[in-house]
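In the block that follows, a single chain appears as structure tokens, in the form predicted alone.
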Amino acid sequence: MINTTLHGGDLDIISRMYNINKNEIINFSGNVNPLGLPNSIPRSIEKNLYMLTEYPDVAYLSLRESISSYTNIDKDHIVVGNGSTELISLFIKAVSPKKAVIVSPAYSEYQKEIELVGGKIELFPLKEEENFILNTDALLSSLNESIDMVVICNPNNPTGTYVDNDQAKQILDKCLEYNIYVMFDETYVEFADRERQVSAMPLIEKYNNLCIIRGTSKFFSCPGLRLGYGACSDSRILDYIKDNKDPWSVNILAQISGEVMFKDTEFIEKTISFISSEREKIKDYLKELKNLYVFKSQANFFLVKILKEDLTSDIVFEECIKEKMLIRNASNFPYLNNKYIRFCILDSENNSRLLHKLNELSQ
């Protein structure tokens, strides 16, 4: 059988494997904002194309000031990088954990980077019987002086579940007792309803054991720009990143785009409103299907369990790709199996198309 754990970042591979024009694939696996690129980005790039003849500002002062205004964090606590992936690597190298706990199922890059610095991994499971919601008390009781780092994706990929500010404080306080760094990957946090208080950004000034990673690929729909940013108030960590990061890892087009995208309030508000509305519609639809179980999400995607005995995630993947719809077969995530799929929120028409297909398959 074809490897159906391929996902939205593998469009070129999928296009060749299934002989489908890449541009015809409806990508429910990429988790990218369906509203597309903010208009402010191409306008700014067009106006500043002459800057391709110049080097970016090595300190990225204007870019960090834009992010500072967006996050309400002091610019001196902000670093930028070539996508969130570079910063995940740099934060992990800065901490260089001998042992790290990863709240899981989660993005595989965390484990890869920790193992590259020689660290041992301990997975802390999000349990299906708890609807994949983090059991904070259980996590806290598992911590000890042998652990150097805890990694939490918030909202979590692939479950869509989250921890709020109160839970984050409990975790950070406990971790301070053992000198444990906590890295929150907030790639999807901007899709969450604001009243949930999901982001740990307001805690950066108070906790020097807190590192936050964000990207722009998903929310601002610009994975090709490779612009990521992070926040931390520990000078040792920040100095390590400044000393070890490639000096111009953020290219001039990404710098120009970042200086305007975070100020594009019309795009930001429109995205939050659309995703919140579609998320409710999709959840309500799926709740009525007896052979599918949808987990509550505060991201722009859903994790769904297949309850029908003779239906697997491999079959669903194959049936959907035949109709040029690419979903995520979630069977290769830790603690999941071939009964789980993940798909993101796209435009209303395509969302309905996928839901009807899932309904048909689950009958």
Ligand SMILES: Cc1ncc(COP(=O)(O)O)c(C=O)c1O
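Note that the structure is predicted; figures quoted are calculated from it, not measured. When you see a residue number, it is the position in the sequence shown, counting from 1.
Below: the form predicted in complex with the ligand, not depicted.
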property: Heavy atom of residue 253 within 4.5 Å of the ligand in the predicted bound form; result: no
property: Interface membership of residue 161, the ligand in the predicted bound form, 4.5 Å heavy atom rule; result: no
property: Contact label in the predicted bound form: residue 188 to the ligand, heavy atom within 4.5 Å; result: yes
property: Interface membership of residue 218, the ligand in the predicted bound form, 4.5 Å heavy atom rule; result: yes
property: Listed residue (192, 88, 80, 237) with a non-hydrogen atom within 4.5 angstroms of the ligand in the predicted bound form; result: 88
property: Among the candidates 95, 232, 101, 153, the residue which, in the predicted bound form, approaches the ligand to within 4.5 Å (heavy atoms); result: 153
property: Segment assignment from 262-270, 119-127, 167-175, 105-113: heavy atom within 4.5 Å of the ligand in the predicted bound form; result: 105-113
property: Candidate site 199, 279 and 297: all three near the ligand in the predicted bound form by heavy atom within 4.5 Å; result: no
